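Only one chain comes next, encoded as structure tokens, the form predicted on its own.
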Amino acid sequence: MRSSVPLPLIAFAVLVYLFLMGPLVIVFGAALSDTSYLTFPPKGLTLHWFWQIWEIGAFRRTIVTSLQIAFLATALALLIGIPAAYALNRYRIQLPGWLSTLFVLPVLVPEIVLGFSLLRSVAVGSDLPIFATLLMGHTLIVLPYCVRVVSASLASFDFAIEEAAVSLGSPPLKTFFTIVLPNIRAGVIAAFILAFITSVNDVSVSLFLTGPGVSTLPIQILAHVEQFFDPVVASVSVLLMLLTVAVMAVVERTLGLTFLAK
């Protein structure tokens, strides 16, 4: 006999869903409004503000910059994070325990403090271009996600398989790429998704590291809100949400979310 779900539990679940989805619905509705100012519910429906995004040169430039920074920072973080996670799990007995905490420091330190430190030490204290400074900052903030997620995959990997391949004559580097890396592919993909989304939506660090001619999309949104109150900002926010959904949809279509859960 099936037991019925208590009514208070159903009501609580509905409230949680409303709390999570309510702001998204409001932003989406405001983006479709045909008024010249932000309002909800929309007084009319139009896609004009989505086309308006591409007519504003600053938004076009910052969208491209944000995607470039996100891809490059995620790639660099994976190039550093995968070997680091491998070493932390493969040689956990020989390595000091505090070393794993070192890679989590960018998450433990408030992003505003991290951004100001990079501003003083890198942006002002060196002659690096603004793009390179932004790339360095974004790589730092996404590196912990890469290390921790890949480490979680390596925690369930049996390194005896790797040792058996090496004992049979396989070179260590070839063994890593043919045996270890395919077994942690799910963790690498999950790390890429988390790092990419974190980089695209970052505000605190980017706010300190942007400069003349080089900015990211979230910073441009803040600058636009300071001068205008039109639904363009809501339209850009919807595009960011759709980008996140698109990344998850590609993963679901290619590998399946159940594969990432393994």
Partner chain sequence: MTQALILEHLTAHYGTTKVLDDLSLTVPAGELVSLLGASGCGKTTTLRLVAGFLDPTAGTITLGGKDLTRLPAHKRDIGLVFQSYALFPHLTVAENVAFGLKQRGVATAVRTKRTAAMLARVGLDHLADRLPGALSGGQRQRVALARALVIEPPLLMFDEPLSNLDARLRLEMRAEIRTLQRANGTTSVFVTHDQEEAFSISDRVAIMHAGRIMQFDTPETLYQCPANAFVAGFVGFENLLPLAVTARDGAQVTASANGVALTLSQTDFGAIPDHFTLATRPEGLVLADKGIPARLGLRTYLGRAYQYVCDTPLGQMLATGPLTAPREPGQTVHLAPEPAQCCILPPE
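Quick caveat: nothing in here was measured; it's all calculated off a predicted structure. Residue numbers count along the first chain shown, from 1.
FYI, the form predicted together with the partner chain isn't displayed, but the following is about it.
A heavy atom within 4.5 Å of the partner chain in the predicted complex is found for exactly one of Ser126, Thr101, Thr178, Ser117: Thr178.
This chain appears without its partner; in the predicted complex, the one residue of Ile112, Val166, Ala87, Ala75 with a heavy atom within 4.5 Å of the partner chain is Val166. Proximity of Leu105 to the partner chain in the predicted complex falls outside the 4.5 Å heavy atom cutoff. Although the partner is absent here, Asn183 sits close enough that one of its heavy atoms falls within 4.5 Å of the partner chain in the predicted complex. Remark: Lys174 counts among the residues lining the partner chain in the predicted complex, judged by a heavy atom distance of 4.5 Å or less. For Ala155, no non-hydrogen atom is located within 4.5 Å of the partner chain in the predicted complex, even though that partner is not displayed. Per the 4.5 Å heavy atom criterion, the partner chain in the predicted complex is contacted by stretch 166-174, the sole one of 67-75, 166-174, 144-152, 128-136.
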